[in-house]
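Single chain ahead, by itself, as structure tokens, in the form predicted on its own.
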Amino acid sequence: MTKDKKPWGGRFTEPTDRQVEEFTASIDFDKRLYRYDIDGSIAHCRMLARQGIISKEEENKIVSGLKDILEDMEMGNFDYSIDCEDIHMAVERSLMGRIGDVGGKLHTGRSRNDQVSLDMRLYMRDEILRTIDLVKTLKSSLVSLAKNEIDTVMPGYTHLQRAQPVLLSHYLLAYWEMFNRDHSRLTECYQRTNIMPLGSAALAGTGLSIDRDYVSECLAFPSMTKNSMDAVSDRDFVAEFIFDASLLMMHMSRFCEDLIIWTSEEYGFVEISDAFTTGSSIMPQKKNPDVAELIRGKTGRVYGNLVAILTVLKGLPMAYDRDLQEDKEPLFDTIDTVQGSVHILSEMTKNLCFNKLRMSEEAAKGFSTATDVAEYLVMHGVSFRDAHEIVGRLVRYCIEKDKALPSLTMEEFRHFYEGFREDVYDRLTVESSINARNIPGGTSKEMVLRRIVEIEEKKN
């Protein structure tokens, strides 16, 4: 095959217009798949020889040539010419240039349709595992921080209004739970990705006596696709990964949003290390949470990639269509974005300094123990609805008199309900409020410590 001749050119009488070559070429971005294309081709070649479709001598020449190409690629000495269209043709053309026409036998029994699906699955296996490892590190960072801050109290919020006091550790483990679900989803995505499609050829399989089981074994796939048409057109695993990445980015974005708010002077709950912040070009006093803001911003970018891949897939007829070339850029960008974001957030999390005193002071404000007073009345036989109304009137009274609940006299308490006793004051402290939530999933110190032990035991 000469440099200018296309592998599919036998049917054509005119050369491809240069503009068409530039428009259709994917080599600029799918060259990222080079290692997987070589690995898949070596496994396919060994199978062809094992089945007697090519000779042992031809196998040795092809495999040796492929390894030489891989070495050049690793060293940065490979020419990714646009004339090659994609990484598959780039490898094949280079191979034939090195070992002659015997290189053309490599494509026996396969199509670029099943070849690219194989490359993508091999590539994604590695990237999913790499992403999982990064998520594990982030989860570990949160658990370590939760252990260090086990006695730190903070105001919990609903509707961004002070609600009830909680342990900071309980808050941090809430994000651990989110990232643990991300971990689980990625693990399941890996299982659905880890299926061998080669042998499906263009869409109908091949009439040659290939051995798909052997190729699966060579490439460490536990199973193979069951329908050749589905195999070449399936990009569910791509869309699924980008969806999983979108949820992961959303969880990180929510955490970053809290940190951004908490670093403001209005809150003053946390300080991010100087190493993970930036300054202003005009205001010398500024210390900006730019890393957190960028993670928040990049979340929208990954969402866009999800919409892009779903839109590409939504109207495709069976089986392979060139539209599927558009799966790679959204996927590659998502992988780069999510892995970079998880890594930097893990490092930033290790360098957070919480203002324990301020958080504790704020946790006591805003009538945060009002629910505890209502529960006190319930334990003394009052229905919850009546208790809710009584405490609501108590709170309104405090607002009008500019008082806090702990400052009320017993006479004032009994003005709203005669059944109040002196022990109600025991329910008005932040510490008692937190430790009263001593149920599985609650914010009491005992339950938070128990959850940390469960997490660490499961990890081991």
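On a predicted model such as this, the values are computed, not experimentally measured, just so you know. One-based numbering along the sequence shown.
As for the form predicted in complex with a small molecule, it is not shown, yet the points below apply to it.
> Within 4.5 Å of the small molecule in the predicted complex, counting heavy atoms only, one of 379-387, 111-119, 263-271, 217-225 shows up; tell me which.
Only one stretch passes the 4.5 Å heavy-atom test: 111-119.
> Tell me, out of Trp176, Phe241, Tyr123, Tyr320, which residue has a non-hydrogen atom within 4.5 angstroms of the small molecule in the predicted complex.
Spelling it out, the residue with a heavy atom inside the cut-off is Tyr320.
> Looking at Val153, Ile295, Leu324, Leu331, which has any heavy atom no more than 4.5 Å from the small molecule in the predicted complex?
Checking each option against the small molecule in the predicted complex, the one that comes within 4.5 Å is Leu324.
> Using a 4.5 angstroms cut-off on non-hydrogen atoms, would Asp37 count as touching the small molecule in the predicted complex?
No, Asp37 is distant from the partner.
> Although the partner isn't part of this model, could you tell me whether His88 comes within 4.5 Å of the small molecule in the predicted complex, counting any heavy atom of the residue?
Within the cut-off, so yes.
> Please determine whether Ser26 contacts the small molecule in the predicted complex, using a 4.5 Å cut-off between heavy atoms.
Within the cut-off, so yes.
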